[in-house]
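Taking the form predicted on its own, here's one chain by itself in structure tokens.
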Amino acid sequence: MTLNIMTAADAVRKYIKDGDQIALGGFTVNRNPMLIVREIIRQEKKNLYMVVHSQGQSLELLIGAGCVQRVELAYGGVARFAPTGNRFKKAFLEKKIEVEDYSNYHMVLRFMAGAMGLPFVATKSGIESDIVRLSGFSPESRGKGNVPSHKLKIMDDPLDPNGGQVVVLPPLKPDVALIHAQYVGDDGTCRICGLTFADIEQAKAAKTVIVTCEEIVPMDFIREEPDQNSLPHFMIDAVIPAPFGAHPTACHKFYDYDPMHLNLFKKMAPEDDSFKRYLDEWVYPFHSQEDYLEKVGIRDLLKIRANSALGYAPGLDRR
């Protein structure tokens, strides 16, 4: 297997088109695919249709930069730095994006259904909630492109003799999944360390998978613990070497989230003018990850360096 190693710029140009449905890996302040998200913004991709589990910094940047038309999600926020994402909330209130919300469990089931090629997936979860009563997408958008004709359906459970009901959910089959992993073997095998969230289901459901990674390692290393591997080489279309590629979010075993940067973003995200200054300072100028890391600075990167045994940075000032 020959790795299809690319730059972020080449991968975005080749694989991501305006209007694509994009799945983002990671979870709030963990393992967001930040390198490639910043490149999507620099290339000014538009009308993207985001399908995410519980997303944070990468979704915030894409929405704030005007790249997003539609979102299906369980949660959009930057953990304690913005329990509801500032750019997400502003775009929704100003009706610049359409939003459909599901539970965390629903989103994982939908990606799993897409990965398995199912026409739908059924669950009893959420029957008495507003999630099943309320829909966010406009009737005009239903059934067009990747938009499901129905958010969900409630139907009688054919296996319940007592007349119970189930929620029937549509599958998700993204055009592209963007994943950040710790390791990719030189045979193409991908390993995500720690919690995988919905990344594996997203990748298996997607037509195209782009993986950024901290390190490309020898095949012998990847094969030492095969039970720790996450995705086989034939599912991955492009690999982008990206040390600190999830910064300012965390990457288990390599680095913690960067509280100084996330607090900076918290201050700059709410208003359009200050958010534009953030993009001008932290997104648009960089032609490589090395340029971005030089801007972050070695002192701040060392502060978030993870303890290899614990997987995070003990003693980090998280205020």
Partner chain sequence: MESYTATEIMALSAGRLVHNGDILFAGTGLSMLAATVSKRIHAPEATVFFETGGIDPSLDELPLAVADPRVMVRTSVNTSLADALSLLCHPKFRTIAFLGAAQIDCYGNLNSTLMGTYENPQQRFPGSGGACDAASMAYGVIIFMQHQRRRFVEKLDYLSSPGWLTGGDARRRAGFKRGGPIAVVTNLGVMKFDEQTKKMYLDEYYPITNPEKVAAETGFHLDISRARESLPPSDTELTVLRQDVDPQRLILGPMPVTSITQ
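What you are looking at is a predicted structure, and each value in this text was computed from that prediction instead of being measured. Residue numbers count along the first chain shown, from 1.
Just so it is clear, the following notes concern the form predicted together with its partner chain, a form of the same protein that is not shown.
Annotated contacts: V29, S103 and K204 all touch its partner chain in the model of the complex [non-hydrogen atom within 4.5 angstroms]. In the model of the complex, A65 stays away from its partner chain, with no heavy atom inside 4.5 Å. Remark: F197 counts among the residues lining its partner chain in the model of the complex, judged by a heavy atom distance of 4.5 Å or less. Contact check for H261: no non-hydrogen atom falls within 4.5 Å of its partner chain in the model of the complex.
Its partner chain in the model of the complex is not approached by R42, whose heavy atoms all lie more than 4.5 angstroms from it. Screening 277 to 285, 263 to 271, 43 to 51, 249 to 257 for residues having heavy atoms within 4.5 Å of its partner chain in the model of the complex returns a single hit, 249 to 257. Residue L231 is the only one of V239, L231, L172, A242 with a heavy atom lying within 4.5 Å of its partner chain in the model of the complex. Contacts with its partner chain in the model of the complex, taken as any heavy atom within 4.5 Å, map within 88 to 113 to F88, K89, F92, L93, K95, V99, D101, Y102, S103, N104, Y105, H106, V108.
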